[in-house]
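Below sits a lone chain in structure tokens, taken as the form predicted alone.
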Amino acid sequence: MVDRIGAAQTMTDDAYPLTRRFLQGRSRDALDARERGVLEGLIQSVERFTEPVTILERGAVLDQSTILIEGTVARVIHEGGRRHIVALHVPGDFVDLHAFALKRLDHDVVSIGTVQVGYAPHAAIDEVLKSEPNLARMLWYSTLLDAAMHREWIMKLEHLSADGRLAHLIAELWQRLSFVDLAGESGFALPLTQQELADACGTTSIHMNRTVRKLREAGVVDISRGQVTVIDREELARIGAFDPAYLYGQGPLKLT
């Protein structure tokens, strides 16, 4: 029965190719078919990038918000002569929905690998906020998920060593990609270089190289050629102090 329901849901969401992963695995079922159609209609243009590009530049005035349809994008801050990746996004994420209110970002948004994004004009979002209270609440909810992940990552950066930070990042991405059916039982595709992993974990490329090797030799996870293969899931979670509750999927914090 569960498999049939899941298959039916997938077939239904195929009607929304640009937004079908929005809140998938979390609370997408709180949106009915009409509301999903309204959400799909928000995306009025689509762009694809095959080379690294700054999609959104710090300080630029924005009149639209961006949803990630395919690929991986990063929020990036440059400071002290270094690049810091302060967040990673997976398909289905509204990358800069908060730009509706802020109009300018305090960071860049850059593509990693091949990426497809869609743009929702702020004028259209404004109409949704006025006329679609449930959908508006779900859009707000999605921005609060970003905040929950930021809080968790700040805590992990303070308390974990480099191998713990990497383990936590891998465990979180695996869970988030599983929500949107883009991860397997043993791992997922990861287009980040070791330098980008270092930028995300607050360390150097040389240290990250050692960390990747350490986790591989310990039989926990192998990261190579754009692919993550998890060897010991329980140990990965232990090293990364990973409890997925803050992701608001399955667990005590899930929105029902």
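Throughout, we count residues from 1 along the sequence that is shown. In this text, all values refer to a predicted model and were calculated from it rather than measured experimentally.
Below, we refer to the form predicted together with another copy of the chain, which is not included among the displayed structures.
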item: Any non-hydrogen atom of residue 179 within 4.5 angstroms of another copy of the chain in the predicted bound form; value: no
item: Another copy of the chain contact in the predicted bound form: residue 210, any heavy atom under 4.5 Å; value: no
item: Residue 119: touches another copy of the chain in the predicted bound form, heavy atom cutoff 4.5 angstroms; value: no
item: Heavy atom of residue 77 within 4.5 Å of another copy of the chain in the predicted bound form; value: yes
item: Contact stretch among 43 to 51, 186 to 194, 201 to 209, 214 to 222 - heavy atom within 4.5 Å of another copy of the chain in the predicted bound form; value: 201 to 209
item: Contact residue in the predicted bound form, chosen from 162, 90, 171, 97 - any heavy atom within 4.5 Å of another copy of the chain; value: 97
item: Residues in 124 to 146 close to another copy of the chain in the predicted bound form, defined by a heavy atom within 4.5 Å, in order; value: 126, 129, 130, 133, 137, 139, 140, 141, 143, 144, 145
